[in-house]
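What follows are structure tokens for two forms of the same protein chain, given separately as structure 1 and structure 2.
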Structure 1
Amino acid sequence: MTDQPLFEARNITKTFGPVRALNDVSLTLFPGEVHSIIGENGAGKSTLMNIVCGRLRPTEGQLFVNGAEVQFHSPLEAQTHGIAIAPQEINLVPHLSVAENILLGAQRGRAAAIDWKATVRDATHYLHEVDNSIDPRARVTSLSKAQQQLVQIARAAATQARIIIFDEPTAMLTYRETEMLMDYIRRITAEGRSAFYISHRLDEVRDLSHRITALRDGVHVGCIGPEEATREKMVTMMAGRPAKVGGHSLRDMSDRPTVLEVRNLSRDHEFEDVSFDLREGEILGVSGLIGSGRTELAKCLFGATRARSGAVRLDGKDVAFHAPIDAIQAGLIYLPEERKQEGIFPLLSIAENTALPTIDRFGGLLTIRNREMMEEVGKLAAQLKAKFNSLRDPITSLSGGNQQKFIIARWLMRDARVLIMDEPTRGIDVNAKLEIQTVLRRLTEERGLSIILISSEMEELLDVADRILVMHEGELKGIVDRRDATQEGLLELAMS
């Protein structure tokens, strides 16, 4: 790396009304460098990166590219200076093809006569730099969320930017896709291009970065190199306190009664002949790479899709859910991985979001008994140790971890028997993640709740699950007791 920064942010402050999201933050980025930004949810990471890429303008401070001061009024202006972002939130045109999304606005040929052959060829080149398993002609609606995330990264790569911002790029990815992305980032930095990298996965931050900057409450806490970036050091910088201790004790669940029995369940083109049991109070982890059929299996159990064959028994009774409402009424609940798009109602308050499925319990003659509803939601919030200002505040005012706690509370009010959780800690910082895991463990012990936990993070499954079910390309490859499970063993099953 040279002595001259490729990019510099100097004394950046950003306020939103009375809220100071960033306070006098400075950082640099050198050619060929990966500079990671870490911090708890709400620390100001995304706000800072949105200023770098032109989505936001700083209230105070200056930006420099190659030593010259710049002012960005839009992401397009930032792109003209060689800066692009692969955002955390999916932002693709769903009914266009992968290739059209990657080169949207930059199609080859003239405006009146687009050269589609050249467009698809060039888009495929950028796509295959990141992942070679996605069909560039496929519609975005046919892709999984993880594949859509990879397409967004390819779109950023297609700008040929000298600086790419990766905002939680691996949150949806499994081990294989993450390794491919890491290889890609190492290749572009070896060519002299640079990256800002944001992730809650601290191990990959340490392995990938040249420097690591920590933010806390909008303030620059410090910058360290990977050689001193132990997990404990990074968490202490982020949170101002040592990391909470993870890893839960082993439990013998073999004598617990069976709550859910799945026998030879199949659905065309998604999964085939899947069988397993879920015991009372058990956390059954589900692992597998993208396309393994994990989410498809969960949605089928929930009644969102129909199985071709097979049988499901809940509490000893045969069930056939024709719609999610049937599953909900029977006490089987599915929490989707897309919390913001499918899990919350952003215009409603915290209390309304929590009580919505049971709102009939609080109905008066012409009004809702708000005090009674608030009291019940408040009791569950205390049980789950959720942090909030007022239950009347919009749910979007909460951090991701606390949103997840209230979504769990929503279904505890419905007396859920089985909770299927799809990537419940995605995009949540390390301490909030441990809080959620502790809540889940406590619910299984105190309420007898049975949980199916789908996660791309093997470390999370090894920490919290009692057994781990591994899928590959729609097939069940094995169920491993946690005491016998290793990350290497699970990965071998997932890729076999």
Structure 2
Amino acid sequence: MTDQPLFEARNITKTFGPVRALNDVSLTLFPGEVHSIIGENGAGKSTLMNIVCGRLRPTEGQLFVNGAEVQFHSPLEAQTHGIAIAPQEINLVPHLSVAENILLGAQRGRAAAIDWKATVRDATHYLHEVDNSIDPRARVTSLSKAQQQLVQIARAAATQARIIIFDEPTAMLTYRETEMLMDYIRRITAEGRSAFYISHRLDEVRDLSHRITALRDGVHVGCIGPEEATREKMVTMMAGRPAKVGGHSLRDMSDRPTVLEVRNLSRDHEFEDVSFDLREGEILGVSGLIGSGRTELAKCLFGATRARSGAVRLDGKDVAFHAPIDAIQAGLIYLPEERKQEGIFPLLSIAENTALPTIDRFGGLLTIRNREMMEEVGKLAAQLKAKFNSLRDPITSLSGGNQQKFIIARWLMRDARVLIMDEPTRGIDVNAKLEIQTVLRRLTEERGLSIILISSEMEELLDVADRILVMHEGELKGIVDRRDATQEGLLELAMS
């Protein structure tokens, strides 16, 4: 590494009205370096990166590329200085092909005569560096969220930028894609390109980075090398206090009554012949790689799609849900995987977003009993350690992870028998993740709630689930007791 940083941000401050998202933050990036930014939800990581890539302008502070001061008025200007971002939220043009999204605005050939062959060829090249299983001619809408995330990364790569920003690229990825992405980042940095990397998965951060900077409440708290970066050290920097330990005690649920029985459930192209029992007060983890049919199974159980064959029994009675409302009335709840598209109402406030499905409870004679609603939402927010300015602010003003917490809070406000959660802790910081796991565990004990917990993070399942169901390519491969489960064992089972 040379002395001259490729990029430098000096004394950056950013305010959103009264909110100070970043306060006097400085950092540098050298050629060939992976510089990770860690911090709790709402610490200001995305805000900082959005300033680096020209999506936002700093309130105060300066940016330098190769020692010369620059000002970015748009992402385009940042791109001409060789900076590109793969953002935290999916941001693709849904009805165009994968290839065209990768080379959006940069199709090959002349401006007045696009060379489609070359365009698809080049796009495929960039795509395959990141992942080789996605069809470059497919429409974006036909891809899973994880695949869309990979396309987004390929797009950042295709700009040939010298600096690529990865804002939580692995939040949606499972084991195999994550490994491929790590390899890819190592490859490009070996070529002398550099990366900013954001993730809540601390092992990844330690393995990949040359330097790690921690932010807390918009303030730079320190910068360490990977050799110092123990898990405890990183969590302490992020949270300002030592790490808690995860892992809940083993429970024996075999004598509990069965709440939900699923028998030979099948749906064309999605999953085949799935059977399992869910017991009262149990947390049943669901593990699997991308394309395993986990989400599809959850949606089908919830009545969002119809099964081709098979039976579902709730408390011993056959049920057939034609629409989610039937499932909700029967006591099922589903927390969807993709919060931006299926989870939030962008124009409503945080409180309204949280209380909307249960708003009847706060119905007064003519109006909503607002104070009560606020109190209840506030209580849950505190439990989940959500960070916000006012509950009346629009939900879009929250950081990604905090939006997720309020969506979880939404479902905790209602009484139910079965809670199906699809990647509930995706993009949520370490401490809050443990907090959420504790809340889930408490719900099963206090309310006798049964939970189906879909998660790509095996550690999480191994920490909190009572049994773990493994799926692969639409097939149920087996159900393992946590007592007997290990990470390797689960992977092996998935691929058997």
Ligand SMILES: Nc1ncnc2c1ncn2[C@@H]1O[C@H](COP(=O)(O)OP(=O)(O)OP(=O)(O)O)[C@@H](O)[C@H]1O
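Computed from a predicted structure; not experimentally measured. Rigid core (definition): largest C-alpha set, two forms, superposition within 1.5 Å. Here, a residue number simply tells you its place in the sequence of structure 1, counted from 1.
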query	finding
Pair member that is the form predicted alone	1
Is_shifted G401 between structures 1 and 2 (CA, 2 Å cut-off, rigid core)	yes
C-alpha of L380 off by 2 Å or more between structures 1 and 2 on rigid core	yes
Displaced residue check between structures 1 and 2: Y175, CA, 2 Å or over, core reference	no
Once the two forms are fitted on their core, CA shift of R392 between structures 1 and 2 in Å	4.7
Displacement in Å of the C-alpha of W411 between structures 1 and 2, rigid core kept as reference	3.9
